Each structure stands twice: as C-alpha cells, then as structure tokens.
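Only one chain is shown below, in structure tokens, and it's the form predicted on its own.
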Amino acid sequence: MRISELSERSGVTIPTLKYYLREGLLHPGELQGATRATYDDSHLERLRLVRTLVDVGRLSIERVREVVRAIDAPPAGRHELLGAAHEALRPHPASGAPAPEALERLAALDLPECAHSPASLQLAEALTAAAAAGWSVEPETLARWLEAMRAVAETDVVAELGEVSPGEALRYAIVGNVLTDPVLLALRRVAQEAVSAERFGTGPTRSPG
C-alpha cells in the first residue's frame, strides 16, 4: 500500500507517519523509486503499537524508540524478556539513585532472582520518592502488597509466552502492562471504596453531576 492508504487505514496523518519514519519508530517501506515506497500489514501493526505507547502509555518518543528497538532485537530467554519489557517501561527517576533505606526494604522482600532487575529498581525509586515526601511504607505493608500483586502476576505471566517468538512475547509483555496498568489502578480505587463502605457504613463515592 502507498503511504496515503497506510494513513487512511491507520488513522495516522501522513506528516506523523513521515515523522515516525524519520525517528525510527516505523520501519522503512519497500522502495519503488527514488521518492516512493510501499507498506504492508507489518507497518499497520507497528503503528498500533506506537499509538498505544504514546496515547495510552504516555511514553515519550525517545522511550517509544527504545521499546521498538527492544522488540526488534529481543533477548532469547523468556525471563530476560520480561526484564527487557520492564526496563523499556520504567520511568526515568526524578532524582539520583535510590536511598539506602529503600534498597534495604527491597532486600528484605527476599527476591534474590529479581534483586537487581529493572522492576526492583523502579520499586526502590518509588519507595525513595514516597519517603522523601514524608510517606514511609512500613515493611509489613510492603510485604502484603507484594503478596497481593503476586496473585496478579500469576495471571499475567502466562505459559503461552514460551510458545511464541521472542519479539512477540516482548510485545505482549509491554503492551499488556501499558493497557492493564490503568485497570489495576482503577481496581485499587474500587476496592478502597468497597472496604470503606464496609468499615465506615457509607456507600461508594459518587462523582458530582
């Protein structure tokens, strides 16, 4: 298909498509001349990924480029794939390295295989930021949260990831996190409302209007 058809089918404007091509977010089409190229379904699939990362994940173009590169050259091991997905999605820390106290909290969780992973580093950075704002997460609370999220992870890390290509498995892990993180956050809010209603005898909070 020509770039005009790619634009029509994807809903992405031609100037944006050309920008994605320049930035390496979209792989080049097949040249048909000095100024013409054709595109196929792989370009549509890549555009769906890029738009998901930009519109839903709110990732910067620089970070989307990192995701695309990781998917195009993924590690072979399935556990390493998950680490690559987490590294691609980990936000840049607002300041410096995690505080020693946060690293101690992380070590106390006794996760030796994940102690230095991108996700663990993100957790340490989040604990550091919380403490800096005056909100200390107690070890017992952190352990309970980990237990609850492990139950979530049992449904996330599906056995079928071992049966697809490394690139597809990495794409699944990245897109799955981007699309379901808002669902998990909303579920936390819903659960808080339910527990509040049970403990304090009030109904769920309603939006005005």
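In case it trips you up, residue 1 is the first one in the sequence shown, and so on. Since this is a predicted model, take the numbers as computed values, not measurements.
Only in words, not in the display: the form predicted in complex with the DNA, which the text now covers.
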query: Option from 46 to 54, 141 to 149, 166 to 174, 66 to 74 whose residues, in the predicted bound form, bring a heavy atom within 4.5 Å of the DNA; finding: 46 to 54
query: Distance check, Ser60 to the DNA in the predicted bound form, heavy atom within 4.5 Å; finding: yes
query: Contact of Leu179 with the DNA in the predicted bound form (heavy atom, 4.5 Å); finding: no
query: Thr16, heavy atom within 4.5 angstroms of the DNA in the predicted bound form; finding: yes
query: Distance check, Leu31 to the DNA in the predicted bound form, heavy atom within 4.5 Å; finding: yes
query: Residues of 25 to 42 having any heavy atom within 4.5 Å of the DNA in the predicted bound form, listed in sequence order; finding: Leu31, Gln32, Ala34, Thr35, Arg36, Ala37, Tyr39
